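What follows is one chain in structure tokens, specifically the form predicted alone.
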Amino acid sequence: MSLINHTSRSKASSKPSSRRTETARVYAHPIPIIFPELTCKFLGLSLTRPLNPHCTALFDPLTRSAWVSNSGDATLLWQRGFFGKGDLSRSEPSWLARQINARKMKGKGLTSEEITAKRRAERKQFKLDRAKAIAAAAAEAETAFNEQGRVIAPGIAPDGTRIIPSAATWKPTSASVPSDQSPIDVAPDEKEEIEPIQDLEHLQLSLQEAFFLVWALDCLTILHPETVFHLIVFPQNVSFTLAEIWNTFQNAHIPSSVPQPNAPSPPRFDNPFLVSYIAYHHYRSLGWVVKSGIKFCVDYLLYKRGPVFQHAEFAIVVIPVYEDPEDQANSPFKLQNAEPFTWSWLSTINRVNSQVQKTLVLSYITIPAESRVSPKVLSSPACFAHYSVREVVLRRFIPARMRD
């Protein structure tokens, strides 16, 4: 017989269920482009057109990224595919929402950063309260032994209840958890004088994400870094063409003051942008949500639906493999993980990701040999057909769980 009361469970889960429904509604589209339902067909052809948002981003050569400053475009790209991250947030661009919540001081609708800060403050206060209770119980036991000569169990009240709090019984109070901000008394006539908060956050797209949106989905326009200057002095369109984006993103990994939209000299198959984009495009085309994995010492994290639904299932380590060893010897780039790595490094990465319930995948990107493929194919993304991806799943052996 189940120990769970079905009535109480339905009442308790009604609110999370509605929250999940709202989350599923907001993040219903996996990519920025929306394909409406078929309403009319003529000779077997659909007469509906996909809805393309056509967002705009500014290329920044210093950070090797593209900045989406328009709040509408940033929200759209995040809610439809989880592209980019807020430069003032952990992932979702929520800086403005946090500032509004702090001004209203209502404590409702907390963002992920605010929830994390609240949990950390509660955990810190719990440890302080537990340490004080342990010290008080030890002092009481020592006093009873010295004055009365009897031994008492520390932390146990005369009625048998525990004095020392545990993580299961301790509950935070408004007085125990300090707040960095205090409510401000505002007169009814002064509420209208509060200045609106200016959104200072922008969505930061990696070069791989930006090129995927430009080339694969055709829903993003990349502007030249000097766009602001040109718009002030010479009002004209200074957006990149696809060929200029292709060259500029490759030149971003070549030491220079400002990457030029000219073809890289000389073009190479082991350009860091090409190698990393091959892995990104491979998993994006398979339906995964690909995010940076620097937090867990890997290149990418793969989410089944997105960060708001569940944690990442796989951690990807990109390992470039040269088809011709001479290309590696003559290469001006020092690709990460191109050299044989040690077992201690592999064990460390595997242990880190195993502790957070992620499966480590070694993704081997084979770089075609220049002696076999002419570098002329590097003039366009058609060169991607000459790369190959091989995957090795690595699991950490745990005797307690894998005895059978």
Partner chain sequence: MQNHPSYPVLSQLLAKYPATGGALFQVYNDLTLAQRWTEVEVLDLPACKRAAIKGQRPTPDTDRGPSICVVVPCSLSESISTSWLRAAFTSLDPLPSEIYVAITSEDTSTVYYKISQGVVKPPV
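Numbering follows the first chain given and starts at 1. Predicted, not measured: the structure shown is a model, and the values here were computed from it.
Keep in mind the form predicted in complex with its partner chain is missing from the figure; the text below concerns it.
Trainee: If you check Pro267, Pro261, Gly86, Pro307 against its partner chain in the predicted complex, which one has a heavy atom within 4.5 Å?
Mentor: Only one listed residue qualifies here, and that residue is Gly86.
Trainee: Give me the residue from Ala102, Ala216, Ala138, Leu242 that has a heavy atom within 4.5 Å of its partner chain in the predicted complex.
Mentor: That would be Ala102.
Trainee: Quick check on Gln204: any heavy atom within 4.5 Å of its partner chain in the predicted complex?
Mentor: Looking in the predicted complex, residue contacts with its partner chain include Gln204, since a heavy atom lies within 4.5 Å.
Trainee: Given that the partner is absent here, does Arg64 sit within 4.5 Å of its partner chain in the predicted complex, heavy atoms only?
Mentor: Heavy-atom contact with its partner chain at 4.5 Å: present for Arg64.
Trainee: Flag Ala131 as yes or no: does it have a non-hydrogen atom within 4.5 angstroms of any non-hydrogen atom of its partner chain in the predicted complex?
Mentor: Flag for Ala131 set to yes.
Trainee: Would you please decide whether Ser71 lies within 4.5 angstroms of its partner chain in the predicted complex, comparing each non-hydrogen atom pair?
Mentor: The answer is no: Ser71 has no heavy atom within 4.5 Å of its partner chain.
Trainee: Which of these stretches, 280 to 288, 307 to 315, 324 to 332, 91 to 99, has heavy atoms within 4.5 Å of its partner chain in the predicted complex?
Mentor: Stretch with heavy atoms near the partner: 91 to 99.
Trainee: Though the partner is not shown here, which residues of 318 to 353 have a heavy atom within 4.5 Å of its partner chain in the predicted complex?
Mentor: Heavy-atom contacts within 4.5 Å come from Gln336 alone.
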